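Single chain ahead, by itself, as structure tokens, in the form predicted on its own.
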């Protein structure tokens, strides 16, 4: 990774004021992410975050209308950052099978902090997404938030990976479902391995998890209809 700054532009409906253009906004992102990781969304409040960054609660509300919108910002940032990594790692790979293998590894591996985004620690962000992302869509407001475009970045990434699957198997009818199954399973199986091991099979090990999900994907595609 280079030390140049990576600018990730997100949809304007994810914030009231772009947090990346001010020192306070970046501090809200970095410290808010750390606080979310420490106490979880249920206990997280802008009042606690304001105390942590030595500002007022009203100052945070100038950037985000609610903690739910703040979570959506982080959710979309993660998938935008992930998509950039996938594009860079597969850009010159002609074989769709090879590209898909690289993509699965990229999607399911434990990530490291990207120094190009100094206000977001991606290693911590991945932990927050694993624990909290289901709270973005398992709500009564999911249809309204979908119309607003809060899930756009995740859908863009799923669509891009689905196209690679269709290159391999044009007749396979469930590419989107397969991609989201792989992504969500990577979070769940790692969590089970660490906390509820009888629900999985040693898949908190990175190599085992990647092997499981890669085989799941390719066996599903290649054996469909046989």
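Residue numbers count along the first chain shown, from 1. This is a predicted model, so every value here is computed, not measured.
Another form, the form predicted together with a further copy of the same chain, is not on view; read the next lines as being about it.
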Select, from the options 93-101, 136-144, 107-115, 80-88, the stretch whose residues sit within 4.5 angstroms of a further copy of the same chain in the predicted complex by heavy atom distance. 136-144
In the predicted complex, does each of 4, 64 and 73 have a heavy atom within 4.5 Å of a further copy of the same chain? no
Would you check, heavy atoms only and a 4.5 Å threshold, whether residue 13 touches a further copy of the same chain in the predicted complex? no
With a 4.5 Å heavy atom cut-off, would you call residue 119 a contact of a further copy of the same chain in the predicted complex? no
Give a yes/no on whether residue 193 approaches a further copy of the same chain to within 4.5 Å in the predicted complex, heavy atoms considered. no
Is residue 148 near a further copy of the same chain? Define near as a heavy atom within 4.5 Å, in the predicted complex. no
Heavy atom within 4.5 Å of a further copy of the same chain in the predicted complex: which of 37, 55, 169, 69 fits that? Just give me the one. 37
Name the single residue among 27, 178, 50, 164 that comes within 4.5 Å of a further copy of the same chain in the predicted complex, judging by heavy atoms. 178
Residues within stretch 66-87 having a non-hydrogen atom within 4.5 Å of a further copy of the same chain in the predicted complex: none
